[in-house]
Every structure is written in C-alpha cells, then in structure tokens.
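Just so you know, structure 1 and structure 2 below are the same protein chain in two forms, each on its own as structure tokens.
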Structure 1
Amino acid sequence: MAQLPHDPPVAPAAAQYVERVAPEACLRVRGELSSAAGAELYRAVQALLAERPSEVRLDLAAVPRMDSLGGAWLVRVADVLRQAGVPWRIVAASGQVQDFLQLIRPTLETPPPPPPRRPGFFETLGEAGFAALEEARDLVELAVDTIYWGILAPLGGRGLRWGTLIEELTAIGVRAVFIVVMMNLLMGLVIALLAAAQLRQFGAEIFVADLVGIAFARELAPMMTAIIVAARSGSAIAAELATMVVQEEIDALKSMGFNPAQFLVVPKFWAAVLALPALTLLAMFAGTLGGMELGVLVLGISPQAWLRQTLAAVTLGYVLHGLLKSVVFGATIVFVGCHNGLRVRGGAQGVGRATTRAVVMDVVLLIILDMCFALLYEFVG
C-alpha cells in the first residue's frame, strides 16, 4: 500500500478502503462506499490537497455499492475540493454506484447554499419600527370598522346580529359570573384582613369598611374583573380568530362580501361592553361582602353598622368611575383579542403565539389605562 507523502490532518486509523495510486493524484476506493470508507476518503483527499495537485481523480471501479452516508461523505469531499479550487472527477463507477452518483450529481456540483444574511442593527430597528407602525394602523382600522359596523350601521337600520350577540354575552358574561364573584369575595376578605391589621392599632377597625368599599368601587372590582375576562375570553377570542384565519374562514367571509369586523368583532365588542360593567357591579358587591364577612366574623362589627359605614363612604361617583372604566376595559380586551387573532402568521404555533400575545397585551394595557384613569380623576375630578 502506497504511503501518504504527508501526514493527514486527522491520522487515519489504517487505510482500509482507500488506496493512493501514485504518482498521479488518484485515490482508489475499495469495498462498499458507506460511512467508514467515506470518512477515510475524506481524510485522504484532505491529505492529498497538501500536494497542490492540478486535478484529483477518484477511482470507484472497485466499489460494488454505495449508500446515502457514502454520498454525504462524497458531498463533503466535493465541497473541500471546490473550496481548494482543484478540479476533480470520478472515474469508472458502474452499476448501482453510477446510478447513485447520477442521483446526487446536482448536489456534488453545486456549492452549499450560503447561510441566510443576518440583518444589521439599523435594519432590525427600522423593521421593528415599520412593524409597529403597521400594527398601529391595523388596530386603528379595526377600531374604525368596529365603530362603523357596531354603532353607525345599526343606527342606519342595518341590524346587529342579535343571535350571535346573545351567544357572546353568555360566553363572556354569564359563564364568568361564578368565578368573578368567587375571586372578588376572596379578594375582599384578604384586603379587609390586611387593612384591619393596620387600622386596629388605632382602634379604627370600622374604617376597614370604608377602605374595602372604596377600593372595590374604584379599583379592585373593575381591575379584577377585567383580568379574569382577559384570561377567560381575551385568549379565547384571539385563538378563535387566529384559527379562523389559518383555516381560511376569514378569507371565505371576505369573499362573500362580509366585513370580518361586522361579522365577528362587533358582537364580541357589544357583548364585552355590556357584560363587563355588569360583572364589575357584581364584583363590587362580592368584594364588599367578603370584607363584611371578615368585619362581622373577626372584628365583631355588626352587619348593619358595616353596611351603614360602607354606604356613607362609597359615593355614586366612585361607582360610576369604576363602571366607566370597566366599559373601556371591555372594549380593550375585545380589540386586543381580535387584533392579535387576525394578525396571526403560521400554523398551530402562530395560534399559540397570538393567544399569548393577546393576554400579555391585555394585562399591560389594562394597567396603563387604569393609571390614566387614576391620574385623570385626581387632576380633572
């Protein structure tokens, strides 16, 4: 067996399959061209390249068969030789090997595709900016469509879809009653417990009633309810619309001359705008009840005294403030859910992403809106 003139970069265990035909730059492969023979050939070619040959020949006459792994090694050999700029050819392949070579010839002859270009910093920034602009435009468009089809068109005598509205009211409102009441009841209890621990130091336990009443009317009932509805229905809306987009149902609607906002968004919009204040009102009662439970059972205050104290503290203004807020929250949840659903890209994973994004966006927007209301109330009255 001919000795390799130079040490190959990776020392071959033993030249079992590949033989150098000196003095030309010719490598003869013997036996089945599979994983082992392929690896050896690859190393032999690398070693051969150190001689700077003008042409490399691979003699496959003694190869009875080859498989995909052998093919993969040949592809790597071809890449190495192409990079080195050395012309090469395969001689004397026959039978199955020739068929196989014919099959993979395009791969042997073309360089690997270049890795996709990564965009630079400013490109990424610009793209994000344009994407944000586009998203804002989509959102405004959706809002305009919804207001048109939800308010103006019905006034002009083009009716709402009452059946769907009732269904949505049930889904968003009625089915949420139990969980909203339960959560606010417990929340009322916790808030009262927390306040009592502080106010007891001053002997002012009765003011726990004021605190719980005002907190629930202004902040906690609208917020808790909105978060529960965002988790229950905001996610459902996004998933439903996203699935409809993926399955081309939205395209079908459009092709029949329906506006998706009219058909899908408006009923949900009205349902949420009606259901949220109703749920919030329930939540206010539940929270107050939870606080009273603690007041009566732990602080030993009579229910009548607690109620009187609560009614004196909670003005109609607070309640209206809370209810108005809940209306805005309801509209936000529907817009965000529909918007994310309609913008879905990709298949099953896209639906998941749209749903997650809707809920996260809901929670963030709810808190920002809540803050705006608080500031407005403080400074404008």
Structure 2
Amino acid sequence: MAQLPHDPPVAPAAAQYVERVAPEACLRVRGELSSAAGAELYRAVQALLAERPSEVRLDLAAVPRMDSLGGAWLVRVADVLRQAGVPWRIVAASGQVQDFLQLIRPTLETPPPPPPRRPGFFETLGEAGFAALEEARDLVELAVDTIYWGILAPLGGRGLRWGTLIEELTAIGVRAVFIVVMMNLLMGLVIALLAAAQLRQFGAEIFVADLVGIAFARELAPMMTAIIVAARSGSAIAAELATMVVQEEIDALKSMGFNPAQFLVVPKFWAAVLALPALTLLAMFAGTLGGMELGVLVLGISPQAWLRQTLAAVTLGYVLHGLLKSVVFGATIVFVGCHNGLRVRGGAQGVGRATTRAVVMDVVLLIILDMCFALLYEFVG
C-alpha cells in the first residue's frame, strides 16, 4: 500500500531516491518522484533542517516525471521549510516535471491559511445573548403585528379574511378531531388503570373517577391536545411559511405592499385560538370516557355512579382553567410556528431545521406555561 503524505515518516534502511550533495545543503532526487521518493525526500529535509542551513536546494534534474502523490509530498516539504523559516528553491526541473510544478506552484508558494481562532467563553456567551435578543425582538414585532391586524384593525373596520380563517379552522381543528379524541381516550384508560392499581388496595376504586376527571379537566386534556396540535399543525405552519420565505413569496407580498402578518399569521392565530378550546373540550370528554370504560368493565362500577362521582369532583372552575390554558397554548403554537418559519435561513435544509425547531420550542414552552398556570392556580386559587 502506497504511503500517503499524511502518514508518519518511517526511516528507510538506505537512501534509494535522494542523495545529499556535500557540502552544500542540496538534495538531489533520482528517478520518478512518486509516493516513495516523496516520503524519502521529506525525511531527508527533516534531517537537513537539524543542521540549520541558510538555504535548501532541491535538485530535480534527474527526475523524468512526477505524479500527484509526489507533488503532495513536495507541498508538504515546502510547508515544513516555510515553517522553519528556511529559504528554498527547486533547480534543474524540466519536461513533465516542470509542467507539473507550474500547476502546483500557487500551493508551493502560498502558505496554508492559519487555523480559525476558537472564540472564547465570553465571546460565545455574548454572541448567544445578542442572538437571543434579536430573536426576542422579532417575536415581539410579530406579536404586535398580529394583535394589530387581528384585533385592532378589525375593530377599525378592516375585516378579517374569513375564507382563509375557515380553511385554517378546518386544517387545525376539524382534521385533528380524530387523533385528539383517540389519544385522550387511550390516555384516560391508562391513567384509570394506574390509579385503580393503587386505590384498589384501600377499597377506594370509586375515587378513580375523581382522579381521571380532575386530571383531564385541569392538565391532561389541554396539554395533550396542545402537544398533538403542535406536532401536527405547528410543524405544518413553520414548514409552510419557511417554504414561502425560501421561494421569496414573502418578499413578493412585501413588495406589493401587503403585510405578511395580516395575510398569513392572523388567520392561523384566530383558528388556533378558536379550535384549541373546542378540541380540549372533546379531549376532556374522551379522557373521562376512557376512564369510565375501565371503571365499568374492569372495576365493576356502574356508569351512573361513575358519572355522579365525576360531576361532583369536576367543578366549573377546573373546566374553565383548562379552557383558558388551551387558548394560551393555541396562541403560543401559532406564534412559535410563524416565528420560526419567517426566520428560516438556507434552502431545503433550512426548512427542515425551522420545522424541527418549531416543534421543540412548542413542547418546551407548553410545559413552562403549564407550570406557570399550576403555580398561579395554587397561589391565586
């Protein structure tokens, strides 16, 4: 196997291709300058540098031809001599060797670029801080535009795009009914099964109805619904707007005097704000129904007793708490999706990154908002 220029040098038993022209600092190469001859030349130059010569000459008069690996070794020799600060030159090259040297002369004469300097800790921290501030500014601008075109402008006589709003309601709300109901129904079965395994030890199986009802009214229904919509519609919103940015459709809207928030963001905003509470109500019923199925079929509780226990435990305040969260969750999903879509950079890869980032940001922000609502509910009541 031929030795490549980046392989560590191995000392040969005897010189085969390179000889020292004494007493001068001149190295004469004999035969074809290929990988083996180049490696030997590299080792000879290293040995010669130990004598600290004032100049090094490479005599290629006896070289009939050279190949690419020989040229690569020659480039490495030039780098070593340049780093040592020793002047050098090639003498007596002719024919194919001279032509080859003309091709690689810019590489031989130009030093390699220095390695990029790694930014320090504070530089990285400051850069991340400025990027976060810029992103927060863009998000605030988007929110202000959406509030103006979605609330203030309609109150001033500028109507909404009702046709687009209905289309978005269908995409975000109607088409998500099946998956929302199915997921919450199965989640209700799971929660009831886990609760029954513990409460059965104390003969308190009937309180499974309380746990399932309160859990879905306050937490699980709005959170599960929001996560499903974020994964389904939030990603679609980010991908749609990112594709429009890449294809310069957003720039076309701006050049015609249209505000992107008015035509693209506001219908999605109102659709999510209206659809999420409705989907959350369906999720509450589906989760309660899933728990009741297990209670009736496995625990032997009558449907009437289960419903009475659920209605006694789940107050209107719990339901309103869940619906309020769903409104905030819906607005968050739209803002995050539109924000990431409008900030896309690059082509198809940028669209994919924006979509993934939107879903991840949605999930993180939904959990943070849910925690804030829980703290607010406990301290305010």
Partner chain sequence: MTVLIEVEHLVAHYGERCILDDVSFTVHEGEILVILGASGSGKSTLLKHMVGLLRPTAGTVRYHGQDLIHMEEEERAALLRRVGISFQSGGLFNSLTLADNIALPLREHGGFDEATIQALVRMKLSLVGLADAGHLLPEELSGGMKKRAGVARALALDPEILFFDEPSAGLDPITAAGLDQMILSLRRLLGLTLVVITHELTSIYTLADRALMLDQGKVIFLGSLAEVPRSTHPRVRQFFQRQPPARAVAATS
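Each form is matched to the other, and the largest set of C-alpha atoms that superpose within 1.5 Å is called the rigid core. Given the structure is predicted, the values throughout are model-derived calculations rather than measurements. Sequence positions of structure 1, starting at 1, serve as the residue numbers.
Novice: Mark the structure, either 1 or 2, that is the form predicted together with its partner chain.
Specialist: Only structure 1 fits here, because that chain is the form predicted together with its partner chain.
Novice: Examine T332 after superposing the rigid core and state whether its CA is displaced by 2 Å or more between structures 1 and 2.
Specialist: After core superposition, the displacement of the T332 C-alpha between structures 1 and 2 stays below 2 Å, so no.
Novice: Please check if R82 moves between structures 1 and 2, taking a CA shift of 2 Å or more relative to the superposed core as movement.
Specialist: The answer is yes, as the C-alpha of R82 shifts between structures 1 and 2 by 2 Å or more after core alignment.
Novice: Tell me how far the smaller rigid part swings relative to the bigger one between structures 1 and 2, in degrees.
Specialist: In whole degrees, the smaller rigid segment turns 14.
Novice: In Å, how large is the CA movement of R118 between structures 1 and 2 relative to the superposed rigid core?
Specialist: So the C-alpha of this residue moves 4.4 Å.
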